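Here you get one chain, nothing else, as structure tokens; it is the form predicted on its own.
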């Protein structure tokens, strides 16, 4: 009996060696479908910027940009979950990395403006600045950040109608801020402060880049509203709204710093 048991044990041992270990199946990766929309949007934005030098391109760039935004509105949001830092969403991590690079970019602009501001000629140009108008613009941008917070809270409560209303308010306030900046630029040009002056160069470059970021946020918000009309955002799916909120709050904070440096510090 003991001999039979040993034979059975040997057979089982040999059989276990013959069986190949089970290979773990790789995780299925869901890649987003290909789309030409980002290329259209980038091309339109480039034409729009070139329109500053050659005005007819402004209209063409605006049309192409709107077309790219419309096409991107039909592009599904896909999350690619990483194998590392699994506790942090990959899209949110990407946004924080992008904002970190933006902090360095605007820090360089602010530092350069402060370095120029101690030069002669800035004091006279500073008197031309329209502080009341800039204060209104700052208030408008701060209120727009509050509207984004209220919109995010609404969609997290699955109140889609209120969410769309708050996002529409943010869109209007963003365009209002850009319009106020355009009026400020017009007034400075009317006083003879153009890009050939030291103050004009520092002022237009610094506020111009910030204005482009606001316009980019307005375009993103238009895309977000188009998706919201199709019911893509809900209490369970609102990461896209949260990412936009991070970007918009950053733009708001940057302007508060610029407002303080440009308008309040003599």
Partner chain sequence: MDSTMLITIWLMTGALIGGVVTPVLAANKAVNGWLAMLGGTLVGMVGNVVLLVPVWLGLSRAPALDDRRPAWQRDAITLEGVRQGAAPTGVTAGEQMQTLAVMLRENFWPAARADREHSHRGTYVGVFVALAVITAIEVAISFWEGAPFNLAIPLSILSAAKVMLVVLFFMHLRYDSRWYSWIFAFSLPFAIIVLAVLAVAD
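Residue numbers count along the first chain shown, from 1. Treat the numbers as computed from the prediction; the structure is a model and nothing was measured.
One more form of this protein, predicted in complex with its partner chain, exists but is not displayed; see below.
In the predicted bound form, at least one heavy atom of residue 146 sits within 4.5 Å of a heavy atom of its partner chain. Its partner chain is not shown here, but in the predicted bound form it comes within 4.5 Å of a heavy atom of residue 152. Residue contact with its partner chain in the predicted bound form: residue 179 places no heavy atom within 4.5 Å of it.
Taking the partner from the other structure, its partner chain in the predicted bound form has no heavy atom within 4.5 Å of any heavy atom of residue 192. A heavy atom within 4.5 Å of its partner chain in the predicted bound form is found for one listed residue only; from 175, 133, 125, 72, this is 133. Heavy atoms closer than or equal to 4.5 Å to its partner chain in the predicted bound form belong, across 241-266, to the residues 242, 246, 249, 250, 252, 253, 256, 257, 259, 260, 264, 265, 266, ordered by sequence position.
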